[in-house]
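Each of two forms of one protein chain follows alone as structure tokens, named structure 1 and structure 2.
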Structure 1
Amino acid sequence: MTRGLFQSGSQPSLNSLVELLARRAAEHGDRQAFVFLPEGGNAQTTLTFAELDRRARALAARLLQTASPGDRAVLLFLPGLEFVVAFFGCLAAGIIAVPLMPPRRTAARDTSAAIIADCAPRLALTSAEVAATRPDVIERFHRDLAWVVVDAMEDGDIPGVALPSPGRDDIALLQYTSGSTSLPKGVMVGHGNLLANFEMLRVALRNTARSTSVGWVPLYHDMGLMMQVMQPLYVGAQSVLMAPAAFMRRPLQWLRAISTFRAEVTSAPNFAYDLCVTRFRPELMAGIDLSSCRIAMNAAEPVRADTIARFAATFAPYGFAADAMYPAYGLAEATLLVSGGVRGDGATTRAVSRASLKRGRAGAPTLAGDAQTIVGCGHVVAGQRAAIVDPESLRPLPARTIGEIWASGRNIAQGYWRNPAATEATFRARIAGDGAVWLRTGDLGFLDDGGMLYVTGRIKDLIIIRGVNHYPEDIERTVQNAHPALRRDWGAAFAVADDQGVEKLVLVQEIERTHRKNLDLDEIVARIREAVATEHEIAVHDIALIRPATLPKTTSGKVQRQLARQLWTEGRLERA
């Protein structure tokens, strides 16, 4: 089997992604690197390794006529290969790339202004399509930024400008956090962090130059950028990109692309696998063969055992192997991956006691109805360490005890952009008797006796009522199973304090579009109250049933519970 660019465990000989791309262009220049599949049957666009290298260096020379190495450039693109050229153009110029979602026209909750204020960019890179169809985007920021329009298909002359040679400690990009529990912060990801994590990914996934990938996750999100752009480049594989909106409208087209390109690797949050099952129709799967898929990474949000089971059962007749499902755990502060499974092993599940989880332990169920099935997110990948730590005492905890997940390794990013206090608190943690510097992830979980990592929630989202811990994801799933009119993966559970400071449970839940007419809302509310009381022994303070597509989520699909709480408090939810 081809081992890829570097040998496992060795020190990579490259210093940056710029050198990596140059090597790919020199060794396999005519090999197709990227394919973009547009909607509507339009012709796909492609880039070879040589074309990408040449066009990125030409763009870098243009950028250095206006900016200097170390300046920031926001990348504002609609889906397409222009983003890929722009990203590597920034790297080649030594300019720090800041991937950013184009702000929505009606952006009451948009974070782009806060991100731009934080990173103070010199440049904004965009496409002719954005300039033509979204003049509001350019108008919003035009006074502060120099705009550069990028054409991924254009071969321009390379001006006589000397390009820098980025080093491993140089910042490649600012990956802004999702903002699911706070304002976004810019994670400073260095070239060395990227190279280290991509080698970890290569070893964990066993990817080679033959491991074609297909993906639709937005490229301004860390999973999309790392798994669909940089990791394929690292192993010299082809990457096939789709527009996120195309997936949301026709999710089974994602599976068709896997079949068409005989892709080995794909990645998406848990909700995407649920959505495929929801939209499944036999006639839409005609001619689709999923037998080539060996890695279906499930990460970026809580991984559900019932989702995995439904997806595997639904698509097994079309060649999908259950052992291809690959639950994983990662975060932007760790570049991407912290833990994952073994290719071909499939998902590992574990039955635990609901009651023991509430007490901070992962004990075996002893009573009927006390069992809850949770999914393991694999073992910590080679080259990293992980520990479960009491977030208050900062002491390590034994196996099967729930605490904060900490991570350490060369892939851990350098900190938060111009935020030394948050950097010190999050990236410079210490464990007594251990000389390593640790990243505090803010996530809760436990390690079992064999070192399998199970993620149970977020510290800031944890609901504590009458001294008992409740994970919002568990309550939300109970709610969504209570009535077919309740939209799966589109609910938020959180606590609010009453006038006496007593914590009360509030539920916000979307209604399915197909069930909006002739609904008996009182019956639905009664079913929710009964289900939550039965499963979790909690009385619900308020249930807000809201219109479809109005629950606040991050760009990667994570529920923004703190923002939902704020909207509920201010009476600004769009109730059904």
Structure 2
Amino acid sequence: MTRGLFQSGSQPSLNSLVELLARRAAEHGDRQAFVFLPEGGNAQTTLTFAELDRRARALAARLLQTASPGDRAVLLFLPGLEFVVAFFGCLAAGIIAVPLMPPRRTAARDTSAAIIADCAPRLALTSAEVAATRPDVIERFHRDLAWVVVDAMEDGDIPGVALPSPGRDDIALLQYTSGSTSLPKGVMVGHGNLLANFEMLRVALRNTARSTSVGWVPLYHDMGLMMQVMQPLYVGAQSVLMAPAAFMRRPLQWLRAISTFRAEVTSAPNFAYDLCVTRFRPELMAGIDLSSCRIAMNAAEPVRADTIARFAATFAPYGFAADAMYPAYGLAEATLLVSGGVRGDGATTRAVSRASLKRGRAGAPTLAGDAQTIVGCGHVVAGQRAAIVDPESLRPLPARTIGEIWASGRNIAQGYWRNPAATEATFRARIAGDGAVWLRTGDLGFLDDGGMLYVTGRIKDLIIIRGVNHYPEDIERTVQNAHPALRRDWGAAFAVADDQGVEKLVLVQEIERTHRKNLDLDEIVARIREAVATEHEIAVHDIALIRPATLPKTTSGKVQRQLARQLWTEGRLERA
């Protein structure tokens, strides 16, 4: 094959994303790299590969006037192309990018302060829009951060500063999706990790420079950043970005954008596919043709068989091919992707016995009521290995046996920022008789006889709602701070599946003995709801206030969340 305009094979000689962007700019600089679709009738904004390269380098030179390579910069942006310029500006300067979710106006305490304390950034990058409409964001953070306002649409002068050439081992970004609010953990993702995972993705998705993608997942989320910004650049494809709020308000606009841009690739957590079905109205679908979509990645939260079936049935009349549904599994510690399907195969489901799952096996169902349909998350992608390991004995387990999912490959990130103990425990695991270093994902699952990966649960009590990870300790602390009558360290937060199978938050919390008389329980419940909605953006499904000393704890005093969940499910809690 000749290296033509649309040549988009592997990029083996690259050392960094900076070289990748320069190569894209040199090969087809005038082609549109990014499009942002604003809400309402405002005109869309665009960046070509050459514009992005030029503006990123101009910004890099500016940044190096106040910071040095290896310094950190937090990125606080509203949806738009400024983030993209800022991100590549950091990389071109050798400055480590730290994408952050802008804190909500009303949140008293959120994770961003702890992240800033953890990574000690020199710079904070933002846009004129944030400065004008959200001055509280700038107010909130240390005044000693140097703020830089990024304009995506203007070509700045390039000051005469020599830019560094990052190598494969240099850290490109810190991804802070792991760790609780009080103890955030920044995953150190190197240029080599990124390039390795994008090549794995390219082979798995078989996407090319013609494979336009459309997405609305926030760019501070690993799936948004990798699937909507960097992987399209890796293959030289156009990426069309929408604001997350635009999708939440008008989910079908996502499908309309796929149709308008003849997009081939999109990705979203499972809830998004459900939301499209819930909000489906034929009159809003006029003219939409989804036949261009060949990869609809479904990842970042448990993938559900009925979601896939309902989405495919609802949108088949609009050209959506059921075999485009692409369940996948990954995590920030693996850069993004661990496993994914074969393009064009669609989702694989398997009926397993609920009873055997509880015993750690994926046996065939014996009785009708015992069957549970689970979705396969594809095979481990080429270039990576996965193993199912007993989390206690650290021995590998045979097929159809549930254990912890471990992964190994050049995509596995370097560790957690300045946290050698957590890095050692999570990133440096060993299997007896195997020379490789393994990542412990903390997720539970099994491989079938053909090597298909099924994810069945989590070792930790992590709660995942709408693709966002929540740590129960954080939510429990918020609950206990909501009212003086609530006992410290005597509450449990956990997720339960509602009748649709969607994960919902349930809180069990003890009342202080001294406060039991004359309590307005409705008032306490309202305060808890308010605090949890404000601090964690979750609507609580149920709050059970219980009598003192009735919450199950271990003999060492640890809250037994799974047991509390079981008591709640069976209606056996001693409610106050």
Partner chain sequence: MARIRSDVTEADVRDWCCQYLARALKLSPGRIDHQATFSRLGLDSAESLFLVAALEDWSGLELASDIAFEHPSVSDLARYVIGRFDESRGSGASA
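Numbers follow structure 1, counted from its first residue as 1. Just so we're on the same page, rigid core means the largest C-alpha set that superposes within 1.5 Å between forms. Bear in mind the structure is a predicted one, so any value in this text is a computation, not a measurement.
- Structures 1 and 2, same chain in two forms; the form predicted in complex with the partner chain is found in structure 2.
- Among E27, T349, K460, S292, only K460 lies at the hinge, the spot where C-alphas switch from fitting one rigid part better to fitting the other between structures 1 and 2.
- As a two-part rigid-body motion between structures 1 and 2, the smaller part of the chain turns against the larger by 140°, taken from C-alpha fits.
- Comparing between structures 1 and 2 on a rigid core frame, one finds that V506 has its C-alpha moved by 5.8 Å.
- Relative to the superposed core, F494 moves its CA by 3.2 Å between structures 1 and 2.
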